[in-house]
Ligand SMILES: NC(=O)c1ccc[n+]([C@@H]2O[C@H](COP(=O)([O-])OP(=O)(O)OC[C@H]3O[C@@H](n4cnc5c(N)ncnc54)[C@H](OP(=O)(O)O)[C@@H]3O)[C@@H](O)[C@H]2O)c1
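Quick setup: one chain, the form predicted on its own, written in structure tokens, and binding and motion questions come after.
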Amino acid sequence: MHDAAFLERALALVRADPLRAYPKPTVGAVVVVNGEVVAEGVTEKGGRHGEVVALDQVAGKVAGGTIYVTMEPCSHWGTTPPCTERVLAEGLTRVVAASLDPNPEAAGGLDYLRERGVTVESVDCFEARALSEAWRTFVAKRRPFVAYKVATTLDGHVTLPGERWITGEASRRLVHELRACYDAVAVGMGTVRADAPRLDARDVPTPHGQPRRLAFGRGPLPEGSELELCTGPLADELARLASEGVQSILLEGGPTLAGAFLDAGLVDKVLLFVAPVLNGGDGPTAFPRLGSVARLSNLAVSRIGDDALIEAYVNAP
């Protein structure tokens, strides 16, 4: 095996459950001695970091070895000791990291190790960053990561005459799975008045509980609504939500709210569900006229039942 294969194994450990350590990032680690994997670990919820989980299995037996991690070892005392000190104590001579730590309080682990004679390598791996995209935005920008989810016809419309749903059952189930992974789900007041959405995650596992359900815009909310009203400027509301621990928001509002978030630079990712049907007429489209061109990156397309899911980043993690 070689570096890429060992890093891929570390990524696979995180990929199996990216939110395992929530609200902290999940880090995968693989320890290699003489070209053989001798231990591996992944961050525990509320406990040991991935590096420590792996090294506890082979303590005192890996001098001269290499550790492959999905994010550089932390270099500060938080709820656990610095992982950099454990790397040094075990006598590891090489560290390969698939991403850097964006947390200003914990970053610099590779530099710290390099200064103490450890050979370090930083591999800028998009998947490693994407696996912790919400947390990375939360700690770097002090606001939640925002993904705009919208379902459209093949000709770009968000309504279909005579139909309640645009996309198929598989796509609708995936939306509920997405809701279960986000800290909050949000719409605009126009959607609240038109559809009275529940915004909860239904008929899917919710290991972190139901998301907070938000409505952006001017009130009042309809009588009996269980949504939280957010009436202030978007940036201020996101900062407030971040202060309350909200790391991620799934934006499900209509094009007006999406346009406001996009124009403010507050959308990080777009999730576009496209159904194989043509509206054939007038009606609202997924995106309104914006104040400037928005160029997206890291495009990915997958098939969900009969629909297509297009994912792309406005602000890559």
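Every value quoted in this text rests on a predicted model; they were computed, and no experiment measured them. Don't overthink the numbering: it's just position in the shown sequence, from 1.
Not pictured, yet referred to below: the form predicted together with the ligand.
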The chain here is shown without the ligand. Which stretch in 155-163, 69-77, 202-210, 126-134 comes within 4.5 angstroms of it in the predicted bound form, by heavy atom distance? 155-163
Output flag, Gly188, Ala194 and Leu257 jointly within 4.5 Å of the ligand in the predicted bound form, heavy atom basis: yes
Residue among Arg240, Arg142, Arg218, Arg116 with a heavy atom within 4.5 Å of the ligand in the predicted bound form: Arg218
Under a 4.5 angstroms heavy atom criterion, identify the one residue in Val96, Val150, Ala184, Leu92 near the ligand in the predicted bound form. Val150
Contact flag, Gly253 vs the ligand in the predicted bound form, heavy atom cut 4.5 Å: yes
Is Leu234 close enough to the ligand in the predicted bound form to count, meaning some heavy atom within 4.5 Å? yes
